[in-house]
Structure formats: C-alpha cells, structure tokens
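Shown here is one chain on its own, the form predicted on its own, set out as structure tokens.
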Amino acid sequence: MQVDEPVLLPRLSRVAVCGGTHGNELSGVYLVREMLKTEKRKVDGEPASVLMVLSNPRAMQQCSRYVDTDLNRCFTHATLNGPVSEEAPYEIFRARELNALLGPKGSRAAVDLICDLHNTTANMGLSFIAYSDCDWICLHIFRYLQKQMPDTPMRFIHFDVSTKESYSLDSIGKHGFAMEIGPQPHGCVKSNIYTAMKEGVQHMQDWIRCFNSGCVFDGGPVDVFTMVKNVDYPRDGETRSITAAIHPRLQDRDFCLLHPGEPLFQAFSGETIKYKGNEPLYAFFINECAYYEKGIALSLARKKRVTVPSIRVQTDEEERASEQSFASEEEE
C-alpha cells in the first residue's frame, strides 16, 4: 500500500498564549498569570519561544468582558488599519498594540501560532475555534489533545470567514485558534475548567516541541463543525425585549443535532416555540451569557469529516529552499 509523503511545514519558532481577551473569563487570566510567574524556568532544549500575553488588562481589572467594546471583534483588517480618532474605544487602541506585538496581521513577521484562551457559560467542553478547516497545524494540535485528554469532550469549530474579515485576536498569527472551555460562569473560576485549560495548553506546548524536533505526525480524520448561522431570541416587536428562553429540552445539550420541529424556545407565557429550519443542524453556544447583547441565543453548524494529512517540520535546508521559492514568486 502506498504511503503518502508528509506535508512539510515551517517550524513554529514564535508562539503566543493569550488570556484575558475578555476580562471576566478567568481561567485564561489566572493560567497566563501562573505561566508568567514561571516563564524563567525554561525547559532544557526548549525550541519555541512562548510569549504570554494578558490581552485586556483594563477589563481584567474591572472583571468585565470589555471596557468600551468587545476586544475580540477588533482585529479585522479595516479596524486595525483604518483611521482612528482620539475618542475611539479603548479596545481599538489595545487591538493595535496587540497587532504590533504579535503581528502585523497577514505579514511574515507575525507570530507563528496564537492560542487565545476563553471561557463560555455554555456546556461546550473544550472547543477549538478557527477560521480554517485546512490549517493542518491547528487540526493536528486538536487531534493530539483528543488523544491525550480522552475524558474531555472536544470539538473543532470552523468559522468560514475571510482573512481580512476575521475579527478575533488569534487571527493575527500565521496559525491561530481560540481554546474555548465551559461551562463556567463569567467572573469566577472553576477548578475543573481551569485544570482542563492548563492541561490543554501543556499538551499543545508538548506537541510544538515534538513537531519542532522533527517528529512525523500521522494523519487521520477530524470532525469539523462549520458555523452556518446564529439564532436570536424571540423578541417583543416594540420593546425588543426577549420573550422566551432556551427550551429545557435543548438547554446544556451543546452539539446535539437539532431537527426541524423540535423544541427551541419556551415562551415566558408558556408555549413551546419549535425550530423551523430547513435542515438538521448542530446547536452550540446555547444560551451563552455574553451573547445576549449580541442578539444570539445559539449558533448552528453543519458537521463534516476532514481528512488531515501527515505532517512534519521542514529541515533548515528545506525551509531555505521554500523561502527562496517564495522570494522568486514575489519578484515575478
């Protein structure tokens, strides 16, 4: 049987782990603080430079999601590069500082990988959220975590958004994903959720060390949930106040397959409101606390199976050849 040659990918020399992008999502805040305490204790032969970043210090100080506007929506190409006034929200300025530190976004100078740490009040287990369903680095890290943490429910979520329109902090890096873990109420920390995040980050760092040292990682399948749409709560036509809550049969069942005709909301007056979609879709971010202001009761996704190829790091010689080829293409 013919064995496919592994895909060759550049070394991950600069990696950033970010917490506190939302200042009240405390697992990432406390984990990055803990990592900063021990950053001088380097592992012998550590091949990757790991930069720990507390993304939104003012929001962290207030234990709020943000100060003026959601920082994790401030990283589009237009927001990072457009004109800005002195009266602009604090997070607009902070996004530009982070882009200067970790980017610039879309450039060869950008860090190789960003892992941005988040919590959700939804019952989502440990989820990766990424803008590509063919970023073999992110998908292989996800596969590795699945193997190392078999008792932790894990899913890979794909937001099908262009690079220019990608809006979150992790989009600055050449590779990037959000590690979203829940359920955890905002403004507090639960030891089991913190521990799962800590283990996930440690396993990610182990994978990076192994990848950079030349290990070949075999390919295989990954189930990817591609976001299709968001669903708002039913609302009063005049006041725009919500008139229903997530139905009890759906609450806490993130990544269940929601079929047309199944209960979706329970109105405050008592009646059941059913899902009227044209196809079954997978529900996630069900009743996320932070999304009330965004008009999102839940998100819906299609699931597909992606075949991930084997990969290994490029040798120095292969990397030089790749750079020369890239330079020649730029000259043309």
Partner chain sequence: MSNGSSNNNNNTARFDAARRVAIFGGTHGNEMSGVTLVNLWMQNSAEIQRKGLEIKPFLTNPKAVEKCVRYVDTDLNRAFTQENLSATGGDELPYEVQRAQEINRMFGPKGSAEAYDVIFDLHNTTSNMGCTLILESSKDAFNLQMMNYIKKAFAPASCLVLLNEHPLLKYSTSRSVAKHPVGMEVGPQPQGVLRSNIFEAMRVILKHALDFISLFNEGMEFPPCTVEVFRVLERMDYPRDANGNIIAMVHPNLQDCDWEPLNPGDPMFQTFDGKSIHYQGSSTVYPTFINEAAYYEKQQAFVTTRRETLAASAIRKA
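Residue numbers count along the first chain shown, from 1. Please read all numbers here as calculations on a predicted model, not as lab measurements.
Beyond the structure shown, there is the form predicted in complex with its partner chain, which is absent from this document and is the topic of what follows.
Per the 4.5 Å heavy atom criterion, its partner chain in the predicted complex is contacted by stretch 178-186, the sole one of 178-186, 111-119, 95-103, 79-87. With the partner omitted here, the residue from Gln251, Thr152, Gln148, Thr226 that has a non-hydrogen atom within 4.5 angstroms of its partner chain in the predicted complex is Gln251. Site annotation in the predicted complex: the residue of Tyr144, Trp136, Tyr131, Tyr194 reaching within 4.5 Å of its partner chain with a heavy atom is Tyr194.
Using a 4.5 angstroms threshold between heavy atoms, Glu39 stays clear of its partner chain in the predicted complex.
Under a 4.5 angstroms non-hydrogen atom cutoff, its partner chain in the predicted complex has Cys289 among its neighbouring residues.
Contact between Lys190 and its partner chain in the predicted complex is found at the 4.5 Å heavy atom cutoff. Remark: Ala245 counts among the residues lining its partner chain in the predicted complex, judged by a heavy atom distance of 4.5 Å or less. Not one of Arg65, Trp207 and Ile311 comes within 4.5 Å of its partner chain in the predicted complex, counting any heavy atom. For the stretch 96-113, the set of residues having any non-hydrogen atom within 4.5 angstroms of its partner chain in the predicted complex is empty.
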